[in-house]
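What follows is a pair of forms of the same protein chain, given separately as structure tokens and numbered structure 1 and structure 2.
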Structure 1
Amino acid sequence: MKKQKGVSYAKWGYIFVAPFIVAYLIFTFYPQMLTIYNSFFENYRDGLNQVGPNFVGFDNYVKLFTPDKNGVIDILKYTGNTLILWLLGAVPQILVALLLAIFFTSYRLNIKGQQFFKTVIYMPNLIMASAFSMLFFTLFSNVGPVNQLIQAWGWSDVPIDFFARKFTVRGLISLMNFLMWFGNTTILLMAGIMGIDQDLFEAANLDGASATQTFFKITLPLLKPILVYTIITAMIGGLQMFDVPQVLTNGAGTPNRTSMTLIMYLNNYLGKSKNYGMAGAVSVIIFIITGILSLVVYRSLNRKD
């Protein structure tokens, strides 16, 4: 009897993931390894002269953590700036997105036109960050509409320089990041909630559970995987914050570099002096910070009660 040859489906899985693996190795893994490699070299331009590449070991990392004449370690200062800007924008972003997601997916309220609301709240995400920043710069400039209204209403006799105050600059940056990303976060959380079995909500309603009890006992525990993903991706995006503060402060991080972020600091090495060694060291530090914070968030939100 002729033996029937079986069909192996396992190989098709490898064939389908092969393009991604090849693209990842070429466009992500190789540049990452090259960045780490460059971080151990002195390699920059001094006027028209190219210095290096010369192997210097960990000297670039030592320079990053060496205090300046005022006793300030720049990379620690900019790490603090970045985390503050991220928290000011991400905390309200997650809270508002979670409230909106619950509101739009509530089986009790049965809101109609969910597709319309999804489109509306996602629209700010479609605006380029540079255009958004220029809009806010125009609105809050000394001769902008906001200052004109403040003076017209008698709240101030002179224009308020919003870009000369640490609180207002950080507030504007955080507000822009919130407006651009809360819609995307809302849609992700709505998808997570709609993936929960509706029978659980109906059973809770029949048992007389309140909306608050349903949220904390059913919605939040089952939504935790999506919530963890959302927070970690928002944190990674926050640590890579660049375009909004760059445009709003003209790359200076005013006032007194209190809105200078890690990527703006990295861009100073790449854009001005072409110092690839120091830029590589800064990139590695950002990678380490991102990894540590992601692990902390993941372990904190996934620990067993």
Structure 2
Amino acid sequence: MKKQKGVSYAKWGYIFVAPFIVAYLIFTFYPQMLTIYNSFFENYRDGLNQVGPNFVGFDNYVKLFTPDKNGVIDILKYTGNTLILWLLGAVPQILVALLLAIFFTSYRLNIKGQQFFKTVIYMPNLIMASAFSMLFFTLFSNVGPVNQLIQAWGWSDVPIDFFARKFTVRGLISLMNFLMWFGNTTILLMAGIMGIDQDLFEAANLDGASATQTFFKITLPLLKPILVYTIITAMIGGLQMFDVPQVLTNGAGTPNRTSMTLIMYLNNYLGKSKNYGMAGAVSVIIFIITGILSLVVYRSLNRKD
């Protein structure tokens, strides 16, 4: 005689995750599939006339990977640009953030006015990227204050054209990204460090471990999950870098398109001609690159020693 079978709670699990699944399917999965679908079509606007959609197979991809007269494959060049711009900003960003996070959480240093500093380092993130870029553009323009100082101090007789040199443009973009994001990373890493059991630090201290030893043997290994998360999210954000270089170089990625990022390239196709075919193909490539790189970073950092 079976009277009662015990209450099944499994269905509640499904019910609770349902909103996410539904939202994911509608707002992420469906557009993603649509993008892939679109990338196989010729579909753009010529003035006011709609051309297509006509199925063209892999033509858009072939076009993307066709080298130009100088043998340069554009999309690879822009992938390289994006990665360089990201690394130039992200490496110092994570190192500085790690250092600051350790300072702020150290009970030995016990820094005064922590709240103030945390607010200050987070501040640049609150400024709109485009406004920040405009500010830098004005600061470093040929008749801007930086050049006026350089000339007043006698470092150079003619103004330095910061936007005509590869190193200065890339440097400025990286500097801005660094300034905007190191505060955010610091806060994340601090949360990670504060999540580590304080007993471990005390024990290490009692055993006479130096600060360096404590960092490499305790903080870093236990911080790894948060660090991996930080690096991967920073990388995805970096691959989607757009606003800062777009505004700073007025969409041109000067000089010689060496600061043109993947998303700026995508925007070139979408902006004027609503070229969903080519833009779709570029998006798919970005998706694949992001996937591969995330996997590489995840694997290499999470390797069991």
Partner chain sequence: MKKIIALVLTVMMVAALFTVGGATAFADDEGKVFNIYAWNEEFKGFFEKYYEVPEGVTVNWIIVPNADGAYQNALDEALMNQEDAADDEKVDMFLAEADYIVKYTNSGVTQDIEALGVTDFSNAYTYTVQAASDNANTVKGVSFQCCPSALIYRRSIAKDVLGTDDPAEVQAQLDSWDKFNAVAAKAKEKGYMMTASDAATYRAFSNNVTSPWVDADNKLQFDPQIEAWMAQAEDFVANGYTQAAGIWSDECTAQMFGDGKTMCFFGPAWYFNFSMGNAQDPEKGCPGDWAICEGPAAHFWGGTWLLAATGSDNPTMLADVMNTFINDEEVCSALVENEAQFCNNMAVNQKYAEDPNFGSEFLGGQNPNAVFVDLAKNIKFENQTQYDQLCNEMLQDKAFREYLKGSVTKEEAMENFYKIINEAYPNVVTP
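Residue numbering: structure 1 sequence, from 1. All values reported here derive from a predicted model rather than from experimental measurement. For the two forms, the rigid core is made up of the largest set of C-alpha atoms that agree within 1.5 Å on superposition.
The form predicted together with its partner chain appears here as structure 2.
Once both forms are fitted on their core, a CA shift of 2 Å or more is seen for residue 19 between structures 1 and 2. Annotation for residue 212: C-alpha shift under 2 angstroms between structures 1 and 2, rigid core superposed. Core-aligned CA deviation for residue 116 between structures 1 and 2: 2 Å or greater.
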